[in-house]
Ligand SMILES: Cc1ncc(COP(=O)(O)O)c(C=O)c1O
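Shown next as structure tokens: one chain only, the form predicted on its own.
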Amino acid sequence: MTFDHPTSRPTSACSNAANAAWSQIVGEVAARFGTPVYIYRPALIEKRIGEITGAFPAPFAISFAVKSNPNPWLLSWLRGRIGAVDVSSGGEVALALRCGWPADKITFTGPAKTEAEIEAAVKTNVGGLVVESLDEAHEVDRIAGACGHHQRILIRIAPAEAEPGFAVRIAGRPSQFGIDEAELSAAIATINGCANLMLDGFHAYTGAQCQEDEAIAAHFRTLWRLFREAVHLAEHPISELIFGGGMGIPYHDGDVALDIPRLQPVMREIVDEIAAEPGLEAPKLKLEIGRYLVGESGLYVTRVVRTKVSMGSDIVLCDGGLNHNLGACGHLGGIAHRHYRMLPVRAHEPAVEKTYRIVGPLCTTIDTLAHRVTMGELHAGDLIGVHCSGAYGPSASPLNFISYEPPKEIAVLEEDGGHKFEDITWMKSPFAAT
């Protein structure tokens, strides 16, 4: 299928039109809760859920990658709004259970699961245990046998090739993730011979942060091809396929948002083909996503402590940075640091524009939110919002580095035309006075 060139693109949560609403919220939250602070707007997640379910027809269900934002309030809020969660550690299994997720709605992935984690998952009876190597499959078989359990598993497939257009490529290169596509036939035969395992599904993921509609469509076509071949190799009915999403969000100035509704015809074709495929009897289909679901719903806000000029360069020093938002400082992939979209909130009208280097409070040069960004003049006390901070934020950052306090996390609930703020901070400081 080919796509017509779109006449318009979807509006991003960090577009100019959205910034006015964000600005008012930022000022209120900062005045009430202080800074640094993460602000989340669940209404934007709700909207994104609607867009996804419109593009990915039934029986597709959303599976949320907990690693992208494990805030307990968010995990509880998502329960009942999406179909499942994907976890990547024993700690995330326990967290999902504490947040009310039924064990059968939890899928456990990850390449280095320990014996203790596997045993706990088996005893918890998680909905799916994804094995990523034959050695892991043998260990699950041994542990399940010792527990007197017949363990349902899925195989993660490592595709031999990656589609172009992904900022982060996982497929087509040596990887800790999954069983190589070339080894799949032998691996399935071995696993089918394990007395305590029941092979019941497949999982695949080729890359992340793709912002090209055509590349995403080709990606899902590739995953379906892999799954169809794997189902034939299994030689028994399979009930679950997990499609790694890989959809990107517009972090940087000039980025274009995906037009997800354009995927609907492609996904409808895939669903129809799955329904007609022998060996797939009413399978569960999951779309595993993280940042695409929650990334644009979050804003990280830091306050300007002071400004200075050094060797002719204007530098803005803020009360938060790398310690709270590793990704915004360019340390979650990428060759060159491109600053995230930024929203300045001031108590004054800027008289001039300047080009700034914006840094956090840490004693390291890598604590830099922007190397060169042009905006209206900033002064001490002004606020800077960093867009697309709803995923891979505080839990992915070195919070304890140099002993600063962790950021607040605030949910903004939009009710009756107004806002209600809820403090959902969950990471506690080990440095606070007792």
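Predicted model, so just to flag it, every value in this text is computed and none were measured. For every residue, the number given is its place in the sequence shown, counted from 1.
As for the form predicted together with the named molecule, it is not shown, yet the points below apply to it.
Residues H203, A208 and Y392 are all found to lie within 4.5 Å of the named molecule in the model of the complex, as judged by heavy atom distances. Screening H339, K284, R152, R156 for any heavy atom within 4.5 Å of the named molecule in the model of the complex leaves a single hit, R156. Site annotation in the model of the complex: the residue of H371, K47, H379, K67 reaching within 4.5 Å of the named molecule with a heavy atom is K67. Of the candidate stretches 181-189, 284-292, 345-353, 212-220, only 284-292 contains residues with a heavy atom within 4.5 Å of the named molecule in the model of the complex. For T109, a non-hydrogen atom is located within 4.5 Å of the named molecule in the model of the complex, even though that partner is not displayed.
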